[in-house]
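Given as structure tokens, the chain that follows is alone and in the form predicted alone.
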């Protein structure tokens, strides 16, 4: 199940990257590159930081074709994308949770400590979007809109807690997905976010 969700998630992330590139009027190469980085950048950064070689996507070439193809396909259907906005929000939330769980599992297999496992899950979940926004010259969306990175952190913590309690893996996955998806969609529905820090020295002069 996790593999199928992962494939759907990287496709959706690639398409979101392509749309971001389109907003910056990039050419086809730029669209393909941003799509690829958005979909697979989080896992790449995680593997580099953890010393997990070879990097995941280098062992699965179809992921390269899938993400680049999804990015280029988005150029053809861009005029219809606004009709699928809600679908993409759900797919994005599912992708966030899938990436987080996969990142946690990679770090667990490498026998890292709990804080590192949580960070590995978060990096896998959110770093593709951060790289996308940096390359598109905007403040990363995951750091300023509804709960997103914090959802990844809470999912990682819940997943690890249930793993340590010895709960059946399938039940653990179902609980992590249910909790993460409900929290992310609720945050979108009611615009839940963390307190914003606005530093403006002139306010205190």
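In this text the structure is predicted, and so the values were computed from the model without any measurement. Numbering follows the first chain given and starts at 1.
The form predicted together with another copy of the chain exists for this protein as well; it is not shown, and the discussion that follows is about that form.
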> 173, 153, 66, 160: which sits within 4.5 Å of another copy of the chain in the predicted complex by any heavy atom?
Replying inline: 153
> Even though another copy of the chain is not shown here, does residue 177 get within 4.5 Å of it in the predicted complex, heavy atoms only?
Replying inline: no
> If you check in the predicted complex, is residue 168 within 4.5 Å of another copy of the chain, heavy atoms only?
Replying inline: no
> Does the 4.5 Å heavy atom contact test between residue 91 and another copy of the chain in the predicted complex come out positive?
Replying inline: no
> Should residue 186 be classed as touching another copy of the chain in the predicted complex when contacts are defined as heavy atoms within 4.5 Å?
Replying inline: no
>> Residues 3, 96 and 182 are flagged as a possible site; in the predicted complex, is every one of them within 4.5 Å of another copy of the chain by some non-hydrogen atom?
In response: no
> Is any part of 67 to 95 within 4.5 angstroms of another copy of the chain in the predicted complex by a non-hydrogen atom, and which residues would that be?
Replying inline: 74, 75, 78, 81, 82, 85, 88
